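Below, in structure tokens: the form predicted alone, a single chain.
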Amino acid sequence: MWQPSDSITIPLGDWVQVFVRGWLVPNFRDFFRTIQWPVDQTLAGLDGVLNAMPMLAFAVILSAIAWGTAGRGLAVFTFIALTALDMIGVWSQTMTTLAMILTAVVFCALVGVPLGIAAARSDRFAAVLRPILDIMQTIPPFVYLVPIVMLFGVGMTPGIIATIIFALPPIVRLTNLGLRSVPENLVEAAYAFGATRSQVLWDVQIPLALRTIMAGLNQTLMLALSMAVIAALIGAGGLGLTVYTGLGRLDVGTATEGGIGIVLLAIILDRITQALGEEGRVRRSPSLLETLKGFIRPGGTRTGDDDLRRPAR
């Protein structure tokens, strides 16, 4: 019986192999190594600072940040969790993982927020960007680990680049969603008052969309933490390497130490970023936005003529 696969075959694997090994790597490896430099420098700086800081000093600073953003309960939990990580002997790995995650999140924000703004302003750009983000979110990370190693080598920086690819889509999508959810009457009123496009963006749209943008940053942070173990496969260090080492040796104790470190770090960072995005904790623009709300809100700001007609007391 005739089968379609007997006569028609698509050598997709061979095409990809020729594209990557025969064209992309020889022609663009130097370019990608140039892109790697700022990531490498940011990671080296953060890793050096965090590992040089005494444990007690860092625990106090992070606990104070937790207190200021999410309250006393998270501050106490943060101090106890960091002390426990030091006592079980994974403090250095925790700081390395934190440096990797912060580096990945910083570059995700630097790339993702402008892309989200551009997508919110242009339906055509959003339509082009959407399938790219779908691929980045759904393709297994192991698929692009091989070309990343061929282009960037092995080590912590290639692991961060793989993390950026995996964790970038949420902040792009939610920035786009947040800006598109801003009420049109406020935007139109801002333009009517003579505001420029840049002023409308920074003084009206971004303050109103900041809670949604922070939710995207939180999701990016969580996805970056979930890549800690996978990035260890191409030479990344930190707690992911501890888990991977325990897996390779069938050492459940070592793997558990690394896993607990990732869980505690994830809880602390998740609660802090969630608190930053809550209503009333994000910083809003006090000028143009509040003025527009006053004019549009029923019974809002009075005009100068009303003040003139008001009898003197």
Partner chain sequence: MSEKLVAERLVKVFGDDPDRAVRLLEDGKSKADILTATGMTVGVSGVDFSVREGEIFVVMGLSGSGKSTLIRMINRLIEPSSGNIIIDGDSITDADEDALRTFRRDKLAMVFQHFALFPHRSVRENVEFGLKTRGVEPGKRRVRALEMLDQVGLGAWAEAAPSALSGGMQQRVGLARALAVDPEILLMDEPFSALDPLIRADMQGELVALQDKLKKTIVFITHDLNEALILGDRIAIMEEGHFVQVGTAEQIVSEPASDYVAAFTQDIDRGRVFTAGSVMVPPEALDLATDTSQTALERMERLGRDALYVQQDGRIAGAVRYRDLAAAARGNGADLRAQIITDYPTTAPDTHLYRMFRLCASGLPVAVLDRDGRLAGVVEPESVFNQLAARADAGAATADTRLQA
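Positions refer to the first chain, counted from 1. Everything quoted here is computed from the prediction, not taken from an experiment.
Just so you know, the form predicted together with its partner chain exists too; it's not on screen, but the next bit is about it.
When contacts are judged by a 4.5 Å heavy atom cut-off, Q137 does not count as touching its partner chain in the predicted bound form.
In the predicted bound form, no heavy atom of G73 sits within 4.5 Å of its partner chain.
Proximity of T196 to its partner chain in the predicted bound form: non-hydrogen atoms within 4.5 Å are present. Taking the partner from the other structure, its partner chain in the predicted bound form has a heavy atom within 4.5 Å of a heavy atom of L186.
With the partner left out here, its partner chain still marks one of 198-206, 164-172, 212-220, 141-149 in the predicted bound form; by a 4.5 Å heavy atom cut-off that stretch is 198-206.
In terms of contact with its partner chain in the predicted bound form, the residue from M87, L110, A192, A127 that brings a heavy atom within 4.5 Å is A192.
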